[in-house]
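Taking the form predicted alone, here's one chain by itself in structure tokens.
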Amino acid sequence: MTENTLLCGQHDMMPQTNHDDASHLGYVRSLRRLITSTLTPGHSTVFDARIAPQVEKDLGRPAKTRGELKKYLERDPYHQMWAAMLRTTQELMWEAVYNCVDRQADTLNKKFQEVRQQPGPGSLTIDPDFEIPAYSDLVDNHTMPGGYHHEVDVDDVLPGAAYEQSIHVYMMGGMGPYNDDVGKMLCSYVKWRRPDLKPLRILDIGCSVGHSTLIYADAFPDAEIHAIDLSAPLVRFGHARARALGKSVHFSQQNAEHTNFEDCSFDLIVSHIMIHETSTKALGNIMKEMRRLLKPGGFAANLEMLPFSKKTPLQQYLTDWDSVNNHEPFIGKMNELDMDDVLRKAGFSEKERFVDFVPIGFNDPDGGSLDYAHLIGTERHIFGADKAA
């Protein structure tokens, strides 16, 4: 099988897969599905049979936090097997992705240059003096080799191409061929919550390569859409990707903690599974900046994973496993935060701010992968502010 449609949605910037690429990527995706759909849920059986009784014997009560389970899980052979397989599969994923992407490095970077020279739609702005914050610069998130910012060539787009292909493997196709299910879900939520909203300017913060951003171009065709990210390679690829798909988006390399946009610039501000890749300080700054940028009557919404307050100690521990083992250091801390309090400290009034929980695939029967339901639950966490409230 050689067609990209077996792995990811087609567009001119998508790396082309040959027979070996498709087999390699397909194998890793199938292995991930085995682990997440069968082995991860198996923790519940193991937990009930031997870990919970031992915890209660030692503590005189059931575990209340993930920290109380840590030593018991880490010495359990089932968990050790699961952890070794999951980490190895993540490394196999990047090997498969970069085998495909690296072979086409010159072609992909040349395509980007050709696209960049073409007039519209959309635009791209890279800041040559941009300083990447340490919480992103020093972490190779998702164990991605070199992280989001690594560049081999001038105007490199390879990390963006690799990121797009990896997400489809990582989520086992569960986010749709264009990896845009999360965008569909949040956009549907915005329209449900604010059916009167007709945004003329939209901002997507932490856009990566624009998977979710493009949904808003379709949903609000009259709006001017901006998308920002810390990574130059990701927004370069996102710009070329958007043009390949015929969408008008203005991509720029910016830090969402302090953007160059004027006060009250946007009617709608969104983010999609981005907050957990920042830091406590950065999160506070981003929410303050969101408040500065939001017009009176505007709406802001951030979609994230469920907080620990809605998870069992076992689910908390398995979620937090990614903090170290998948290089996502802020996951644990973020899931402990009260987002209503974060929004309050950012200056949003009690009337404006909201915290909500909605079903996976909200208003989109075909959306949402349930392979992770045992871990993330069957809901998503959405929080933000409604300045029309």
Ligand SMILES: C[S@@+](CC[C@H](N)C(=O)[O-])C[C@H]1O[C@@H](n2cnc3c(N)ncnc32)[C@H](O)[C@@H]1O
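In case it trips you up, residue 1 is the first one in the sequence shown, and so on. As the structure is a computational prediction, the values presented were derived from the model and not from experiment.
FYI, the form predicted together with the named molecule isn't displayed, but the following is about it.
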One stretch from 92-100, 74-82, 271-279, 311-319 that, in the predicted complex, holds residues within 4.5 Å of the named molecule by heavy atom: 271-279
Output flag, Tyr135, Tyr163 and Ala256 jointly within 4.5 Å of the named molecule in the predicted complex, heavy atom basis: yes
Residue (of Tyr170, Phe266, Phe220, Tyr148) lying close to the named molecule in the predicted complex, criterion heavy atoms within 4.5 Å: Tyr148
Proximity to the named molecule in the predicted complex, single hit among Ile202, Ala301, Leu108, Leu230 (heavy atom within 4.5 Å): Leu230
Contact label in the predicted complex: His211 to the named molecule, heavy atom within 4.5 Å: yes
Contact label in the predicted complex: Gly206 to the named molecule, heavy atom within 4.5 Å: yes
Non-hydrogen atom contact Ile286 with the named molecule in the predicted complex at 4.5 angstroms: yes
Leu234: touches the named molecule in the predicted complex, heavy atom cutoff 4.5 angstroms: yes
